[in-house]
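Each of two forms of one protein chain follows alone as structure tokens, named structure 1 and structure 2.
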Structure 1
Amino acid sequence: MDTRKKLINSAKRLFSKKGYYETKVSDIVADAGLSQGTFYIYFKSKEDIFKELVKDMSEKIIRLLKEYASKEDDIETIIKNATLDFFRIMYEEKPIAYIFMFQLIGINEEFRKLYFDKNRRVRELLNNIVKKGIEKGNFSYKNAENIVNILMGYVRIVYLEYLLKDKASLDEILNMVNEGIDVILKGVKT
């Protein structure tokens, strides 16, 4: 494993275990079995390596949505499966996501920018998926932007309240999301 990757893996492990504020650069290099000077060859600061972890997490989500956006399956299946896979990824990334959302995004302009940039990219990809569904006649409601807002709002609530805050199990979250996406896409009918 290359040196940069060792540092990233150690940082992820320590941030996940100790939190952002309790993890020091000296902890990261000790865990990686490297010298402190080596850290600064690859990263400027603890904040810099944490940004790398956030970017990696965001890129996983963007790659996932790009893959689903290119599929020609049933649109409801695409949306549901993409959302379920999103939660699987975020469950694995929970400690880093928690630090990002609850400790850093409110105090660091660069982290806020990363958050809004990722949301913009997710919105664009989801909008493309929904528009494809509208064109194919999968939705009687034709406002793609509102459909995307409803989907993203629901996902954000489950993500923040159940995945990051509530400590629900992955199975509980996936069952909730599966049912919730059905309600959003099929409506609440008697």
Structure 2
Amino acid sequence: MDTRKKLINSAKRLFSKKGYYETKVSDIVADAGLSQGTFYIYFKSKEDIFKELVKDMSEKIIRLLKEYASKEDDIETIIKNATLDFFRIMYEEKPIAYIFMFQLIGINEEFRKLYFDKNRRVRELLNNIVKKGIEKGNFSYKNAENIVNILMGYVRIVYLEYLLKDKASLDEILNMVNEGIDVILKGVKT
């Protein structure tokens, strides 16, 4: 594996485990089996590699949502499938997802802004999907933004309480999410 990749992987694991400030550059290079200096060949600074992780993650999520947004299926199916797929990605990318969803917001002012920036795109895409559902007359509750709130809030908390903690297998989690989304959609429809 190439050096840069090694650093990215170590950074991912460590940032996610110990947080941004408690992860030292020296930890990352030690974990990657490299020397301090090597880090700075590939990344300008500790901030730099962190932002790269965040960028990778948000791009992955946005790509997923875009794909689903363009599908012509029934809206409820789209929402459900997108959510389940989303959890699959989260599962594969557990550390980085944690960084993205739970560390970024709290680190400092600059990173909080970055979080809201990246997050806006995600909300927009989800909003468009939900709006389509409203336009098609599927939903009786018409406030798309608030529906997005319920959906995204639910997803976030399930990630935090189940996926991150390895409290349940991916399948068990997907089952639970399946039910959860059903409940939410039922509420929205009636």
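Residues are numbered by position in structure 1's sequence, first residue being 1. Note that the rigid core is defined as the largest set of C-alphas that superpose within 1.5 Å between two forms. Keep in mind that what you see is a predicted model, and the values were worked out from it rather than measured.
Here, the chain labelled structure 1 is taken from the form predicted on its own. The Cα shift for I78 between the two structures, taken after rigid core superposition, is smaller than 2 angstroms. With a cut-off of 2 Å and the rigid core superposed, L174 has a Cα displacement that falls short of the cut-off between the two structures. Once both forms are fitted on their core, the CA shift for V148 between the two structures remains under 2 Å. With the core fitted, the CA of V54 sits 3.1 Å away from its counterpart between the two structures. We note a C-alpha movement of 4.4 Å at F111 between the two structures, with the rigid core held in register. In the core-aligned comparison between the two structures, the Cα atom of D31 sits 8.6 Å away from its counterpart.
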